[in-house]
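Only one chain is given next, in structure tokens, and it is the form predicted on its own.
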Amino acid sequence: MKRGLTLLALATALFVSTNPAHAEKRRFITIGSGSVTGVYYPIAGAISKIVNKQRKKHGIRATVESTGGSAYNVNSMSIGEMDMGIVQSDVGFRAFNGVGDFKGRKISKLRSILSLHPEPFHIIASEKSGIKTFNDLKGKRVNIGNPGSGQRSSSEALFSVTPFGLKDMTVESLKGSEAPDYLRDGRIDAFYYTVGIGSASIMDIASAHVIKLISIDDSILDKLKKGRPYFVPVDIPGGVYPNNPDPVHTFAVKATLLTTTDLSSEIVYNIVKSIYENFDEFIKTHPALASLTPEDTLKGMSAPFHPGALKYYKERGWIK
């Protein structure tokens, strides 16, 4: 028995001396994403795959969790239930600054890692609804997203500056993954979805049923941007979705990868390094990332950079 314990102690000591990540108390990290039919889930999966491929170098293993979306991820990180999460820039901004739906519960320990793809606000209407313009939404049955989701917060912001509000529609509070089925069955006339261009859930329903993407007037977008620096005007190119050949004018936020000050600089540094050393592989994992450049990943942050991320960016000369 004594000899066995001695050998075990020797093996443990050898592991400590040879494992570069042993000093880290947390070598397993969880990344919060969103619905499995959205864009966050496969992108978080791509990050996890790249990190895990390099785990012999840094000893970090990442897993992905499907969640309710941006606000859920922020709240989970704030109480230590998740280490990292993909979050809409507007949700991250409100959470870090303690404003809007985060008033009175400021999450000052949020930190940015990198910025991802733009997420346009899609307004999807069924052909049978007769909705052809933004004003046609008045009086219709519309899904604005589940509480805590990015599309919910974007919907509420949008209809705070429009000629008619949410009270002028019959509002549903479905998850983004549920809305297409409700539209298909005629239980709603339209739904809003803040998601990357080419979302699988929108593509699926557009391939099987005729839908109409609705544009938003510049006069509304100009009001929306006041006091909301995280919103930017954007066009969804024509032809992305079946039967929608014309560009659609709307607004977008950025998807951002966030963490908190609870996660060590060494872990964050190694994750960031893994992503950029495999950047070409990373941007091929989803169409939403296809045009992403390293320069883009440093824009649109809603919280200060995490020291571990900042260390890498300074080494590369991207930030002085």
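All residue numbers are counted from 1 along the displayed sequence. Nothing here was measured: the structure is a model prediction, and the numbers come from that model.
Keep in mind that the form predicted together with glutamic acid (GLU) is missing from the display, and what follows is about it.
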query	finding
Contact label in the predicted bound form: Ala44 to glutamic acid (GLU), heavy atom within 4.5 Å	no
Contact test in the predicted bound form: Val39 vs glutamic acid (GLU), heavy atoms, 4.5 Å	yes
Contact label in the predicted bound form: Gln151 to glutamic acid (GLU), heavy atom within 4.5 Å	yes
Residue contact check: Ile211 to glutamic acid (GLU) in the predicted bound form, 4.5 Å heavy atom	no
The single option of Tyr193, Tyr241, Phe159, Phe96 touching glutamic acid (GLU) in the predicted bound form, heavy atom within 4.5 Å	Tyr193
Glutamic acid (GLU): the contacting residue among Ser35, Thr259, Ser48, Ser274 in the predicted bound form [heavy atom, 4.5 Å]	Ser35
Option from 64 to 72, 263 to 271, 276 to 284, 49 to 57 whose residues, in the predicted bound form, bring a heavy atom within 4.5 Å of glutamic acid (GLU)	64 to 72
Heavy atom within 4.5 Å of glutamic acid (GLU) in the predicted bound form - qualifying residues of 109 to 126	Glu119
